[in-house]
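The chain below stands alone and is given as structure tokens, in the form predicted on its own.
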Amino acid sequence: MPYFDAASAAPLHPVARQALLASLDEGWADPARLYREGRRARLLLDAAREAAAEAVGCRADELVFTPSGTRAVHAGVSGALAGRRRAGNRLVVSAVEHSSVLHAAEVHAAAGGTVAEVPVDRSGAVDAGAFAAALGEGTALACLQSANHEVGTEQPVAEVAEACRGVGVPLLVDAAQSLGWGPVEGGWSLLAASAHKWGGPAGVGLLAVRKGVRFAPQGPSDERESGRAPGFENLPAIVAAAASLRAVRAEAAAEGARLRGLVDRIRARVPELVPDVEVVGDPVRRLPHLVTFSCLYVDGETLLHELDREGFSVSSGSSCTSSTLTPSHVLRAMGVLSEGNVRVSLPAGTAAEDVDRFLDVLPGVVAGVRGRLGVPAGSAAPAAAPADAPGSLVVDALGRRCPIPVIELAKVIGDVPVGGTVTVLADDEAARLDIPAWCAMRGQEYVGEEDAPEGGRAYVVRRTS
């Protein structure tokens, strides 16, 4: 069964498995003890730290291991903010950061701090100049991911790091998605990552803090990991994480080029095979193994279930697949279509035949889901309205989840004359993204939105063709 969700968790690398099993026998003792077993464990821990630091591009004494990538982010954000509290309480983040960064920002704001979000363009990238402009007086810390976890877009980390350096603000980089492919360029100050993203075992993160960065670990601490990650180290998992990071780095150039070719095939073929699709994310500055696309008139949850039935494991940022009823903050910040969203992230070793079979299966799956939802035939070219057609219509889609509001809009757009309007009443948060996206894809004019008297929002569309 092809597994296409490496961005969530990559399969355990063979080197990680070998190192894990070996260190279970050799690294079970307390590395803080001076007897023989403890010294052996300490040697393993030191070797793992040296290997991880080399891959990150920092000194070994600048890197600590944490129980997860999320813990690394939280420790990095809280420690850097506390260490620079005399400089101010302003935190600057991009609008598409991983939820671990945004959750840390929420805690900072709840404690009285200030948080500034830098917007992104439709590709999901921040503008380095806009980020630099957000580094106002009193900024204690800035956070910018190296590459986006949902759409794969790489961020201008080097340029932003230079701007941060110019005003004396440390930059924390979440490198979880990219570290397996190569080091993060630029003069960053702090870096966090997670082993299960590159094929290491779950439950190991790393946090690098450059010398000279003011840092004050928060919460109870002990003598382990420089006081930045208290508690007994999971040494076998740490050894496996470092060994697998070194292994995937050795394979990264060749495997990255191969997977980029497969992803290029998906990016090119999906819009040709499936009508009404938007491929999102930067087509060039992106991770080599990840592609995301959204399909009009498709229930994302059903689409993922149907692909699973066909043997493909993929993920989604669509609100139709979540209990929150809101699209992912990444798609929302980008302003792109969210319904029917599919993220394909290929693990190392993915066969070209599996990608070809995915492309063979996808059109029928999408067509089947659309058919069950009653998508109107020929929705791309509405027929001319009758001479006595009303100049405006109202569609009540309150209480109905995506993609129903857009489907109902498509059904009636041909019932008003060119220049007429359709107002869609909807209380699904996804409609704010999907109705304007539908207009752009169908060549209709999105007029705007306002509060609806019945509750929810009223989205107004003018027929232009």
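Treat the numbers as computed from the prediction; the structure is a model and nothing was measured. Don't overthink the numbering: it's just position in the shown sequence, from 1.
Although it is not shown, the form predicted in complex with another copy of the chain is what the next lines describe.
Partner proximity in the predicted bound form, defined as non-hydrogen atoms within 4.5 angstroms of another copy of the chain, places exactly one of 222-230, 362-370, 246-254, 276-284 at the interface: 222-230. Of the residues given (G88, P376, G203, G136), G203 alone sits with a heavy atom within 4.5 Å of another copy of the chain in the predicted bound form.
Contact with another copy of the chain in the predicted bound form, defined as a heavy atom within 4.5 Å, holds for exactly one of D415, D427, E37, E50, namely E37. Of the heavy atoms in D121, none are within 4.5 Å of another copy of the chain in the predicted bound form. In the predicted bound form, at least one heavy atom of S68 sits within 4.5 Å of a heavy atom of another copy of the chain.
Of the heavy atoms in E301, some are within 4.5 Å of another copy of the chain in the predicted bound form. Among heavy atoms of H103, some come within 4.5 Å of another copy of the chain in the predicted bound form.
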